[in-house]
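So this first bit is one chain, no partners, the form predicted on its own, shown in structure tokens.
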Amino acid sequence: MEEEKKIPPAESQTESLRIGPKAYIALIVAIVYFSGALANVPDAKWLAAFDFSTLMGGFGKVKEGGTFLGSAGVGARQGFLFALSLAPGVMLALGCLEILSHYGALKAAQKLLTPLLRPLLGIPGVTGLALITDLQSTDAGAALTRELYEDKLITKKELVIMSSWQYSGAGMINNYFTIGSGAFAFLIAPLFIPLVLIFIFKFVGAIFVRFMLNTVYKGDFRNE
């Protein structure tokens, strides 16, 4: 006769959910690493070595005005090469996230950010790192979001809300200071004001999507 399996006490079940200083340190490292805060420090440029976008690097020029994609190329081949160029960034982001998760960064994010993100967007704090990553890299942010969904840490409704937040002003920091730099000379307001407005409207768009999912499309998520 087989022995009945003993159910561990509640204390042992919640032991793994306890968050220590190491987890908060890992979360701070993750935020700084993915946020781009160290990318351009005037008096300490060596700190860029600890920045995600810096470690991602960039392509050199094959010829003047061109890249490894060539020039004037349109079609499936160009699309495939572009998609291939995204792989290193996604792999780097996922690898770093695995290391940071091992030290409890996701658990710390869930505890700290849930009181903020749950009332605003209806999503758990564990999504915080994916949202922060999206500010620099749309591809890495999307990859982290997909991993959260596949690991069943977020529901389908939360996935849609996250996607709406990320899609609006995707790669905000990088795109603003690269593509948007051409319009800086014509700005009559300080540079940070448009950036702050973009960030605010990311939340406005996500809140609107949340409202629609809870009203018009409420039946689509009835079984969750």
Partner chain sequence: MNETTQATTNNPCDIFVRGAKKGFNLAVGNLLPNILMAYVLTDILNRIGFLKLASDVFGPLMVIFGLPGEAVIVLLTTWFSSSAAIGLTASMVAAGSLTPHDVTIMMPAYFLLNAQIQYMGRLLGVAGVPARYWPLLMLTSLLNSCCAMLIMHWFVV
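Please read all numbers here as calculations on a predicted model, not as lab measurements. Residue numbers count along the first chain shown, from 1.
Quick note: we don't show the form predicted in complex with the partner chain, though the next part is all about it.
May I ask you to check whether Q110 falls inside a 4.5 Å heavy atom distance of the partner chain in the predicted bound form? Contact with the partner chain, no.
K156, heavy atom within 4.5 angstroms of the partner chain in the predicted bound form: Although the partner chain is absent here, K156 would touch it in the predicted bound form, with heavy atoms inside 4.5 Å.
My question is simply whether G36 lines the interface with the partner chain in the predicted bound form - judged by any non-hydrogen atom within 4.5 Å. G36: no contact with the partner chain in the predicted bound form.
Since only the chain is shown here, I'm wondering whether G79 would be in contact with the partner chain in the predicted bound form (any heavy atom pair within 4.5 Å). Yes, G79 sits close enough to the partner chain in the predicted bound form that at least one of its heavy atoms falls within 4.5 Å.
Determine the residues of 127-141 with a heavy atom within 4.5 Å of the partner chain in the predicted bound form and present them in sequence order; the list may be empty. Contacting residues: D134, T138, D139.
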